[in-house]
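First comes one chain, alone, set out as structure tokens in the form predicted alone.
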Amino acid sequence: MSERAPSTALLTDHYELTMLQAALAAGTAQRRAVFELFPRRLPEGRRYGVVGGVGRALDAIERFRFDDEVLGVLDEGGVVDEQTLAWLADHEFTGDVWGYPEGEVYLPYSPLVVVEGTFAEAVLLETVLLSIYNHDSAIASAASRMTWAADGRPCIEMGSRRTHEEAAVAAARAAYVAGFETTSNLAARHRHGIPTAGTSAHSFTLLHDTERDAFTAQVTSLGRGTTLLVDTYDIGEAVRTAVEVAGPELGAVRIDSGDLGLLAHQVRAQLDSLGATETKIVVTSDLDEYAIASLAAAPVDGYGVGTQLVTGSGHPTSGFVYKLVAREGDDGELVPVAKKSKDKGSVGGRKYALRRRNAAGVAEAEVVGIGTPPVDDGDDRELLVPLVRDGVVVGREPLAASRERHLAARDELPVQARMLSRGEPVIPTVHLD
């Protein structure tokens, strides 16, 4: 499949290729190198983050090839010289990649991805990996907070119209990893097997002469288990009409405006009085994790979330960076290297990581070993897994596995992780030399 799919090689920055050209000319391009993708910090006030986009990144690595079309673009634009074009024509990634698996929780300086190969092949992956991880992890992190706040009530992803059309598909995937049950996006269903859901918008009601006509048309077509949108005109009248049309077997009603908590209580009482005791109430309207949490005591059965989800609930990027942390020295051994810039420093050396847990299985620290793996004291959990070995993807897995992993990783965090108030990372990151 990857051979037929479009190349991802142009999803990169110009300077990745000019660095390659200069390194080839200097004779340093083939030096063994280790790059690391990591966050210096969490988004302000957040207590943990969630890794998203791993599967998409593996697809991108497989498709990162310089075919005739890509080489033609580079040649026509004079991006690199003939020597570099010739090197790219024969290029394929032959290195190794380790990383936190999808759905895992991360903290500041967690080594989320470790790429080892020649400098030439590893540096070329910088932009595309950052693009995928920064976006998908931002969405997954927001989605995790929302599903935790929902406390078992299902969340529906419905933000396609609030972002770029391709970002919408990626957002649906990341949200599903972090616990959302369904999406409105059909491309996400087709590409990733995510369940989809949806019934009607206000335009469908406005199309018909009366609200009753609209409800009748929808129930006739979609069945009594459908969800009817009841806030186009008068909610009380709409609920009454909905039950008259569909009967007490009506699946659900949706409220998309107003004081959702107050309206949910009123609608629940009205549905029960009409005998529709099993009819569910779904709420939408610019929800985020705070709004969801505020509805915890309301008789709400599900949440539809759009804008705030696909924009990371105020943090549309995760702030990940991709830095060279070790390179081959004159003796053939890896030499740690690090950036020392003020507020933008990195920690040199090849990293290993584990989640330190107490005897009860509660996380206590993110332990990062430099050069050698940290020692498991018996209750700990290794975090880095092989994703690519000798250029071959080995870490692909179904989304169901990522969903299960996320729930398990989130549940082992201290209880403070559930708090939506601003705070420090829920556990510290400890570097061991």
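One-based numbering along the sequence shown. Owing to the predicted nature of the structure, the values given are computational and were not obtained by experimental measurement.
Keep in mind that the form predicted together with a further copy of the same chain is missing from the display, and what follows is about it.
Shown alone here, residue 31 lies within 4.5 Å of a further copy of the same chain in the model of the complex, counting heavy atoms only. Although the partner is absent here, residue 170 sits close enough that one of its heavy atoms falls within 4.5 Å of a further copy of the same chain in the model of the complex.
The closest non-hydrogen atom of residue 418 lies beyond 4.5 Å of a further copy of the same chain in the model of the complex. At least one heavy atom of residue 16 is located within 4.5 Å of a further copy of the same chain in the model of the complex. Only one listed stretch (102-110, 289-297, 121-129, 351-359) carries heavy atoms within 4.5 Å of a further copy of the same chain in the model of the complex, and that stretch is 121-129.
Site annotation in the model of the complex: the residue of 82, 333, 90, 209 reaching within 4.5 Å of a further copy of the same chain with a heavy atom is 209. Contact annotation: of the candidates 245, 263, 324, 274, the single residue with a non-hydrogen atom within 4.5 angstroms of a further copy of the same chain in the model of the complex is 324. Although a further copy of the same chain is not shown here, in the model of the complex the stretch 304-340 places heavy atoms of 307, 311, 316, 317, 319, 320, 321, 323, 324, 327, 330, 337, 338, 339, 340 within 4.5 Å of it, in sequence order.
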